[in-house]
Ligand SMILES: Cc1cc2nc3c(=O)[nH]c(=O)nc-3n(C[C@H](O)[C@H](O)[C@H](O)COP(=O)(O)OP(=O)(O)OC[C@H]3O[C@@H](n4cnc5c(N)ncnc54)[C@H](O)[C@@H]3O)c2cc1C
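Form predicted on its own, single chain, as structure tokens, below.
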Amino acid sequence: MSGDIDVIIIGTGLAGLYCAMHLRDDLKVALMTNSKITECNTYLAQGGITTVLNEADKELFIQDTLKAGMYKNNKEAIEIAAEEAMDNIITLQNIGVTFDKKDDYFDFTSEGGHSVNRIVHYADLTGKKVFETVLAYVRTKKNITITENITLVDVLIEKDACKGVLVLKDDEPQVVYSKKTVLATGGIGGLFKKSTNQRILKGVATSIALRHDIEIKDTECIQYHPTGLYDPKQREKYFLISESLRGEGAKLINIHGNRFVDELLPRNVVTKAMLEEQKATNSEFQYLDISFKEEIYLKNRFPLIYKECKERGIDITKQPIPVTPVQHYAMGGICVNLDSQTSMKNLYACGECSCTGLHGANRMASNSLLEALVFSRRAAIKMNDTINEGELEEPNSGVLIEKEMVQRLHKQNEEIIIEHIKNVRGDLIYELVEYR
């Protein structure tokens, strides 16, 4: 597979789609994903998207994000996110995202780590709504193609510059050349025995970076979400009970019915308290109780959570929800600058597979979709401005695409990232799947 492709984007979550949406109409853009287009973490996101209310809120947002991130953040990335947040929310609204409203303006809510209500949402289906709206917009652009079921194996490199990607399509190796390449491949949850993530997300971008000495950052920073739905029959992919329930007043109680933590503290703090409480009470879970709210309110505000819990025999309007911490997000990844450029020429990274430094050591709730919006758009703007500086040239040396070799590289990707996580987070060894 070759041709005059200007930009290849691997990944069709919000970061990949939103980047494509902002590329110039005269550029030929190829979006590729390793499964069905909906199998991304954006589609699962429930809570909402952080924004900044006004000039006075900017400094408060910066301090909230720094505190949640244990002051390991890149402050300049936070400042950019604060400056550009509302503009991106308005862009989504203009293309059809109907965020929940109150008195003809956004119905802001709060979640862990936020000092004020500043999160926009669409019930508890924010990610799905945003994803479907941006995808519909991207599909109207004639310069963009979307191809499913393509597996990224490696990037093509010559003279220390990325020239495209090596992929498997229908189990056959193919090379795709491009002027610019964007990795938006998502997180690492598929490497964990218990995660809220899509199972196909296995850190391939970081594996490739490790193989080629592309700079990475903060890969030891792995977040557990406090409230995965506890189900003793559940294996691997856990249903997330959104932090927005706690933002709307839900209380965490132990198996004896006692509250033991401030529910709106940052995720790492709440998770630590929950694990300590489980040990103290010899239990595998706690309860999250919001049943004191009006039934009609809960059904309208949290329709997905109500439905999923009801199918498991739990009526959130009448009883508490059993919950337990579960792997959720990777703060680290491929190190990028403020325009999402990696240390390799012509290679960009956006979304969870990247590390802008926005999150520091611990992501504040609802900052993930914000990061995807802000920094994927900045990547597109940078490519729009620079892509004509050089014409597309296929690598002079050619690319060996012997099938067995490519399949071996593909297999090695999972091994590389699992061994890396074991090295940087030895305490999580038994949480990881075994590679074969």
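Start at 1 and count along the sequence shown; that's the residue number. Being a predicted model, the structure only gives us computed values, none of them experimental.
Although it is not shown, the form predicted together with the named molecule is what the next lines describe.
Taking the partner from the other structure, the named molecule in the model of the complex has a heavy atom within 4.5 Å of a heavy atom of Leu14. Proximity of Thr151 to the named molecule in the model of the complex falls within the 4.5 Å heavy atom cutoff. Looking at Thr65, you'd find every heavy atom of it more than 4.5 angstroms from the named molecule in the model of the complex. Although the partner is absent here, Asn41 sits close enough that one of its heavy atoms falls within 4.5 Å of the named molecule in the model of the complex. Here the marked residues Ala45, Leu240 and Leu369 all reach the named molecule in the model of the complex, each with a heavy atom within 4.5 angstroms. Proximity to the named molecule in the model of the complex, defined as a heavy atom within 4.5 Å, holds among Asn197, Ser207, Asn73, Asn346 only for Asn197. Leu201 is the sole member of Leu358, Leu288, Ile222, Leu201 with a non-hydrogen atom within 4.5 Å of the named molecule in the model of the complex. Remark: of stretches 246-254, 360-368, 313-321, 272-280, the one touching the named molecule in the model of the complex is 360-368 (heavy atom within 4.5 Å). Shown without its partner, the chain has no residue in segment 52-86 with a non-hydrogen atom within 4.5 angstroms of the named molecule in the model of the complex.
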